[in-house]
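In the form predicted alone, a lone chain appears below as structure tokens.
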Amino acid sequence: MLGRAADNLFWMTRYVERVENTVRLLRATALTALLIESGGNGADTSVWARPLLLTGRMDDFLARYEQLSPGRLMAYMLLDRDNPASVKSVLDRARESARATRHLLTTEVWEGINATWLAITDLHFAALQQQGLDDRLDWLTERCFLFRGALFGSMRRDEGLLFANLGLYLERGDHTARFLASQPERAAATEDPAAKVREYYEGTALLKALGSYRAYRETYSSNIEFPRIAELLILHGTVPRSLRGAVDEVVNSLRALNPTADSLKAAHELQYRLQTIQIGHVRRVGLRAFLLDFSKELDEISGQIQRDFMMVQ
């Protein structure tokens, strides 16, 4: 496969996964704010700042919108084409990558991503509010699921699907790591009832945002606790959005593409660390430091994949 085609397939799925991750982040933010407020703690603007801090867009947002509010945040993160991290901007890039490799995609994959792009390309915030923000966020999540269903249900099991798989799981692992790292620091244990309530609400929102609430309940019999959330989403390979699960998928795809590739060696080293590390060691290193280091290693693996397979001569 030509490097340019592999690159477009890689970024097509990476961008679609980024759309879903952004939507999940916004839903988690709204749910956390709602639960904290209903729990009697009042409005908390710091909750609404988290998507901007996670995506590195705080300065740009304040320069153009001046004041943070839920409505302005949603408009900026969903529909603002001047924001490269917005759903509309990322979906533009996903559709362009798909269009460039239209001849390699099945009709189901192309029509799925194109129909989603058409439905949102001219959407404005007033119309979004009229349609119902929650309904539209649910719709976007469903469209991403349908895209993956078409991808894995209609594409041949060849190089194209392997490159698409790499983009998807590198993006997913990076988002999970950054999302966990963006959580506020918490004491190991607290007897403050208000702090316990807030931790429960935020933990529930976090697990739901990463599609792991049921997995947590099936794995642990305890109440929702952030140390256990971290353990589940870092080390449990059976959880789809865990770091271990994402790296396992990357290793499998690279091994099928080229078992001697430098990128496979780097990915396999990262996989081995996740297989052998204990959560106690992660805590001693520092959870945030561990997660940011993991994201950096994923970025390096992504760059090596592009050097191994996608450099256009």
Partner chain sequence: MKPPVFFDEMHSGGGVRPAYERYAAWLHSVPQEILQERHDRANSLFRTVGITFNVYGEEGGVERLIPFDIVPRILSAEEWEIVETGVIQRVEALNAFIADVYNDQEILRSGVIPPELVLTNDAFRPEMLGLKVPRSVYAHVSGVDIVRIDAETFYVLEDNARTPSGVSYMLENRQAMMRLFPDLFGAHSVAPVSHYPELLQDTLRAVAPRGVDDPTVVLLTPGQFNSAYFEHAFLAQEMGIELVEGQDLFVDDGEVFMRTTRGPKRVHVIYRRIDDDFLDPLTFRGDSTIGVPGLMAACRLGRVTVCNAIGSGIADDKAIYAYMPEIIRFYLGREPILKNVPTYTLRKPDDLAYALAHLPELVVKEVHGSGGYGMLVGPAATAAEIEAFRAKILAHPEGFIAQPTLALSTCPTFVDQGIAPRHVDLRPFVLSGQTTRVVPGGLTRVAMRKGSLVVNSSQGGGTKDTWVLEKPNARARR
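Residue numbers count along the first chain shown, from 1. No experiment lies behind these values; they were computed from the predicted model shown.
The protein also exists as the form predicted together with its partner chain; that form is not presented, and the subsequent description refers to it.
Note on the partner interface in the model of the complex: the residue among Leu257, Leu274, Ala30, Val282 having a heavy atom within 4.5 angstroms of its partner chain is Leu257. Just one of Ala127, Ala100, Ala119, Val197 comes within 4.5 Å of its partner chain in the model of the complex, counting any heavy atom, and that one is Ala100. Here the marked residues Trp48, Ala289 and Asp293 all miss its partner chain in the model of the complex; none has a heavy atom within 4.5 angstroms. Interface membership of Asp138, defined by any non-hydrogen atom within 4.5 Å of its partner chain in the model of the complex, is ruled out. Proximity of Leu105 to its partner chain in the model of the complex: non-hydrogen atoms within 4.5 Å are present. Interface membership of Phe163, defined by any non-hydrogen atom within 4.5 Å of its partner chain in the model of the complex, is confirmed. Although the partner is absent here, Asp174 sits far enough away that none of its heavy atoms falls within 4.5 Å of its partner chain in the model of the complex. Here the chain stands by itself, but in the model of the complex one stretch of 220-228, 155-163, 176-184, 72-80, 155-163, has heavy atoms within 4.5 Å of its partner chain.
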